[in-house]
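Before any questions on binding or motion, here is one chain by itself as structure tokens, the form predicted alone.
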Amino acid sequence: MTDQTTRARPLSPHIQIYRWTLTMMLSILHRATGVALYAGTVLLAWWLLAAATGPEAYAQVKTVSSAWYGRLVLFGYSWALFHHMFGGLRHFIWDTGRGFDLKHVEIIARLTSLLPLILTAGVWVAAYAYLGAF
């Protein structure tokens, strides 16, 4: 066996060494929104089960979802859904072998940052305009 104390071992880069980039943050957010979508899907299943169970159960779900904290969770869920979808589309574009030059990487990253915000706001404005104050 060789003496491990005499050989210099390469050090693994640490997060403090890397410069934060938009694509790095989007990758982390993509994973986080995937986890959030799991939790939100439990709430979606609760809503569906309550709708199938009867008016009393549905009224309970409606009370929770129409409160400010319920709407905040629903807003976050809808943003996470759009963000995760556009992150998946970004990776799908890369899977085709396109968009790897730095110019297109930056354009796609900016689009996948802005479009979820715009669509989430648009869906919520349309929902309030169509349905009123739920």
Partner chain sequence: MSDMRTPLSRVRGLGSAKKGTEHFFMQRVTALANIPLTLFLVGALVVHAGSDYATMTAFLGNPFIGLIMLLLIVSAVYHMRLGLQVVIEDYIHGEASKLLALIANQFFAFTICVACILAVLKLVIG
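Residue numbers count along the first chain shown, from 1. Everything numeric here is computed off the predicted structure, so don't read it as measured data.
Although not depicted, the form predicted in complex with the partner chain is the subject of the following passage.
- When contacts are defined as a non-hydrogen atom within 4.5 Å, none of 13, 114 and 121 contacts the partner chain in the predicted bound form.
- For residue 69, no non-hydrogen atom is located within 4.5 Å of the partner chain in the predicted bound form, even though that partner is not displayed.
- Among residues of the shown chain, residue 81 is one whose heavy atoms approach the partner chain to within 4.5 Å in the predicted bound form.
- For residue 35, a non-hydrogen atom is located within 4.5 Å of the partner chain in the predicted bound form, even though that partner is not displayed.
- Interface membership of residue 17, defined by any non-hydrogen atom within 4.5 Å of the partner chain in the predicted bound form, is ruled out.
- For the stretch 87 to 109, the set of residues having any non-hydrogen atom within 4.5 angstroms of the partner chain in the predicted bound form comprises 89, 91, 92, 95, in sequence order.
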